[in-house]
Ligand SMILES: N[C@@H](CCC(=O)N[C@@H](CS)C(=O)NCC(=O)O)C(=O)O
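Consider the single chain below, provided in structure tokens and representing the form predicted on its own.
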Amino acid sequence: MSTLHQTTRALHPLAGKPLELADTLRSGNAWKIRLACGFMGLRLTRRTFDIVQGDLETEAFGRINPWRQVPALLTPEGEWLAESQAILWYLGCGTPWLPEGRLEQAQVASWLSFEQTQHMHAFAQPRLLIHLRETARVDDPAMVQWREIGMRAAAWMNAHLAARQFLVGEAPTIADIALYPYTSMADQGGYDLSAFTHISAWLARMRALPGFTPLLETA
């Protein structure tokens, strides 16, 4: 992490302000927000819901997010903000995690879009069905098809990371945060990314950053 990133942990525009996250225990999208707050030195209160128990279908949760999805962030302005990419942008504003340059911001936005359209579902769906719900097998045709899509996305990432340490510029950005969770959990969906050595090195760099937050907290 750059010296500027480390300094910003104490100078973040939201430092000391209340932030509350509506999430579920193993949500990869919600993990993005917890990672961001950890890296940025922001204190975050979690309100964890249970999908199995139907928490997201309640009237109370509907007032948090009528789209019935996590994550949602209660901002200091008193508004609930939905969608992980929008929340990451909100948290990154005014910090090195969202570069000031027009081109660099556009490149970050491009990777955020890539994560949503080319990457996330291909990694998240096999993880959900094979690992979390245990309703599919690794070799089910639908899972194989998802992994074919995901492996193409991983190949693009690996090629891009061959010449750089992070996705945009010389330091980590919210683009790296967005792509970290589901890439790091790929094995739970039957993926083998061991051949993508540049991705493996990038994952290790992300884990080594100050403030890294694991998916599951240990006692």
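Small disclaimer: the values here were computed from a predicted structure and weren't measured. One rule holds for the numbers: they count along the sequence shown, beginning at 1.
There is also a form predicted together with this ligand; it is not shown, and the following applies to it.
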Checklist outcome for this item: Among 65 to 73, 187 to 195, 149 to 157, 36 to 44, the stretch whose residues bring a heavy atom within 4.5 Å of this ligand in the predicted bound form is 65 to 73
Next on the checklist: Checking a candidate spot here: are Gln105, Met206 and Leu209 all in contact with this ligand in the predicted bound form (at least one heavy atom each within 4.5 Å)?
Outcome noted: no
Item to check | 4.5 angstroms heavy atom contact with this ligand in the predicted bound form for Ile51 | outcome: yes
Next on the checklist: Would you classify Asp140 as touching this ligand in the predicted bound form, given a 4.5 Å non-hydrogen atom cut-off?
Outcome noted: no
Item to check | is_contact(Gly28, this ligand) in the predicted bound form, heavy atom dist at most 4.5 Å | outcome: yes
Next on the checklist: Test of understanding: in the predicted bound form, would Ser110 fall inside 4.5 Å of this ligand by heavy atoms?
Outcome noted: no
Checklist entry - Which of the residues spanning 173 to 187 lie within 4.5 Å of this ligand in the predicted bound form, based on heavy atoms? => result Tyr182
